[in-house]
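The chain below stands alone, shown as structure tokens; this is the form predicted alone.
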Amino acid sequence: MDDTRFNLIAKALADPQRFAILQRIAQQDDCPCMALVDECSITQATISHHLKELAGAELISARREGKCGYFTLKPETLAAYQAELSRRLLSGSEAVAPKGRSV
């Protein structure tokens, strides 16, 4: 997994609201958008933004039936991310810190 994709997934998972939405989607085979709107205390527009970020990171897939969208977790993306995270954390290579900071 390249750095761009790894960082995109990490960013998608880092937001607490987005992570909560992903958890709700993971609990069902086909999670309807309206269920997310009903269960979350945020606006439909904000949920749509989070869903777009999760789909862009390929953590979920989406399908439409009429006006309703349905979302499904993509476990293969999560598994690839977990494997890459483990590889990066457990490899013997030296960690690289952002400028001005030491590791």
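These figures come from a predicted structure and were not determined experimentally. When you see a residue number, it is the position in the sequence shown, counting from 1.
Just so it is clear, the following notes concern the form predicted in complex with another copy of the chain, a form of the same protein that is not shown.
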{"item": "Distance check, Gln44 to another copy of the chain in the predicted complex, heavy atom within 4.5 Å", "value": "no"}
{"item": "Leu51 within 4.5 Å of another copy of the chain in the predicted complex, heavy atoms", "value": "no"}
{"item": "Contact flag, Ala26 vs another copy of the chain in the predicted complex, heavy atom cut 4.5 Å", "value": "yes"}
{"item": "4.5 angstroms heavy atom contact with another copy of the chain in the predicted complex for Ala35", "value": "no"}
{"item": "Contact set, 38-75 vs another copy of the chain in the predicted complex - heavy atom within 4.5 angstroms", "value": "Leu73, Pro75"}
